[in-house]
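Just one chain follows, in the form predicted alone, and it is written as C-alpha cells.
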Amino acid sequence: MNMTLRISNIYKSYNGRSVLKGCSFSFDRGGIYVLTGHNGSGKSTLLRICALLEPPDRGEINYLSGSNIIKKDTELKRRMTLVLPKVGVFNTTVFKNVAYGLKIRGIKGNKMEERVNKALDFVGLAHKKDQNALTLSSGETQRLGIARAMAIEPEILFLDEPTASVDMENTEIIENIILNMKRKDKSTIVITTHDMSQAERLGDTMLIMSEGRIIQG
C-alpha cells in the first residue's frame, strides 16, 4: 500500500449533537477494513470525513506517503472515492455513467472505453452497458456505483452500507465483488455495515464503533 490514512482524535457535531467523540485509527495496510456498529454510532460520518467530503470539528485527518503528509488538494481527492448507499445515476446509459469519473479526470478514447468495459464486466453488468441506468434495479444500481468507482482505480475505496436495501441475490453478488476486488487490486477498502455477519465475511480488520468512538480494532 503506497498511501496510508491516519485519523487522530476526530470530533464532529451536528446542530449541537455529538456524532464523533475522539476517533483515532491508522489504516496502514491493504485489505478490507469494516466499520460496524449500531445505527447512529457515527460510521457514515467518519467515512465522509475520511473521504475528505467534510471536515472534522476537531482532530486531524492525514494521508501519508511513507512518513510525508500528502497535501489535501484535488489530486489527493482523485486518489480515493466514496460509494454511498443510494447511488446517484444520470439519465443516460450505464456505460456513460461509469465513464463520467474518467472524463472529468481527462481520460478519454480507447483507455476510457477499456476501463469502463473492464469495470462493468467485473460487476456483471457488461450486458447492460447500453441500457438507461435509471431502469436498473436497486441492486444493479449499487453494482453500477461500484463499477464507476473501480473505473477510476482508487487507491482507497470507501463503501458506505454497500448492500443496504438490496435483495439477497445482489447482496451475495456485491459481497463477492468486494472480495474479488481485494484479491485483484490489493487496494485498501473501507466498508461500513451494521450487519455483523457480513462484517465477519468481508473484513480483514474489524472496527467496532459505539457512541462516536472506535472501541475495538
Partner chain sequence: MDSIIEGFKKAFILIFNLNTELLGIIFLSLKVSGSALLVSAVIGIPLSAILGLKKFPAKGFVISLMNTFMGLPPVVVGLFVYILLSRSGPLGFMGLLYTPSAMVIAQTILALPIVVSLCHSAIVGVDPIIKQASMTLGATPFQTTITIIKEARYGIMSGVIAAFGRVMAEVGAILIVGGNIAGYTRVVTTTIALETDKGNFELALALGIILLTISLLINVVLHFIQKKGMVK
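Residue numbers count along the first chain shown, from 1. If you're wondering where the values come from, they're calculated on a predicted model, not measured in any experiment.
There is another form of the same protein, the form predicted together with the partner chain; it is not shown, and what comes next is about it.
Within 4.5 Å of any heavy atom of the partner chain in the predicted complex lies no heavy atom of I61. Looking at L134, you'd find a heavy atom of it within 4.5 angstroms of the partner chain in the predicted complex. Although the partner is absent here, M112 sits far enough away that none of its heavy atoms falls within 4.5 Å of the partner chain in the predicted complex. The closest non-hydrogen atom of A164 lies beyond 4.5 Å of the partner chain in the predicted complex. Proximity to the partner chain in the predicted complex holds for none of M168, I177 and T193, with the criterion being a heavy atom within 4.5 Å. Residue-level contacts in the predicted complex: of K72, K86, K118, K108, one residue has a heavy atom within 4.5 Å of the partner chain, and it is K86. Per the 4.5 Å heavy atom criterion, the partner chain in the predicted complex is contacted by stretch 147-155, the sole one of 26-34, 62-70, 39-47, 147-155.
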